[in-house]
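We begin with a single chain expressed as structure tokens, specifically the form predicted alone.
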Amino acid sequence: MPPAAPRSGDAIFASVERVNAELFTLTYGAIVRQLLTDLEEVEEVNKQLDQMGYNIGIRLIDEFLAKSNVSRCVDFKETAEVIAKVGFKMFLGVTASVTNWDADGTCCSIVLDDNPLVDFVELPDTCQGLYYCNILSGVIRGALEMVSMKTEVTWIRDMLRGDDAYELQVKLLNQVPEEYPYKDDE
């Protein structure tokens, strides 16, 4: 039997089990609010959201690879496109675009058309340093690390901070060669 063809983000999103969008958004908001109460420092909340996202990403990649039938990407550019077109659609129901590539092809921006995490959200003046959706940068970083790509993911633009879009910069730091625990030739 031939291998299954890669599935588009729309096809996967249509077939995957979902939770109510408002419940998801409000639950995430409650988590962020509790972190703000517990940690008090906005920068600590940003770090905690990133770490939570990283922990999610290292587990989410397995589900992504199992359900999407995506084969190994040939380079970082293809990987970024798969994240934007398939990954965001599969897990958040939104599409993103990849722009602003550097000359080396190791740094790009992922611009979200829509962000379901920010429905019903307004940041108070005391939280202006907060990257409310920092969990997304951690998810991307964790997932890419599991496929041997060490990255740095940072927010460039955030509509909650007055910008005109949601933009993440993804920078490939290095591609870790795969190591196998055994040798075939022995």
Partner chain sequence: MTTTACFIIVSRNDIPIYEAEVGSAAKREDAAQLHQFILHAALDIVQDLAWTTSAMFLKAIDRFNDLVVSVYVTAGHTRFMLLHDSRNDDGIKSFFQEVHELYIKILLNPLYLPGSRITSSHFDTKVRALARKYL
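Numbering follows the first chain given and starts at 1. Just so you know, these numbers come straight off a predicted model, no measurement behind them.
The following text describes the form predicted in complex with the partner chain, which does not appear among the structures shown.
- Contact between residue 39 and the partner chain in the predicted complex is not found at the 4.5 Å heavy atom cutoff.
- In the predicted complex, residue 59 stays away from the partner chain, with no heavy atom inside 4.5 Å.
- Interface membership of residue 150, defined by any non-hydrogen atom within 4.5 Å of the partner chain in the predicted complex, is ruled out.
- The shortest heavy atom separation between residue 129 and the partner chain in the predicted complex exceeds 4.5 Å.
- Of the candidate stretches 142 to 150, 49 to 57, 113 to 121, 63 to 71, only 113 to 121 has residues with heavy atoms within 4.5 Å of the partner chain in the predicted complex.
- Annotated contacts: 85, 87 and 96 are all free of the partner chain in the predicted complex [non-hydrogen atom within 4.5 angstroms].
- Of all the residues from 25 to 39, those having a non-hydrogen atom no more than 4.5 Å from the partner chain in the predicted complex are 26, 29, 30, 32, 33, 36.
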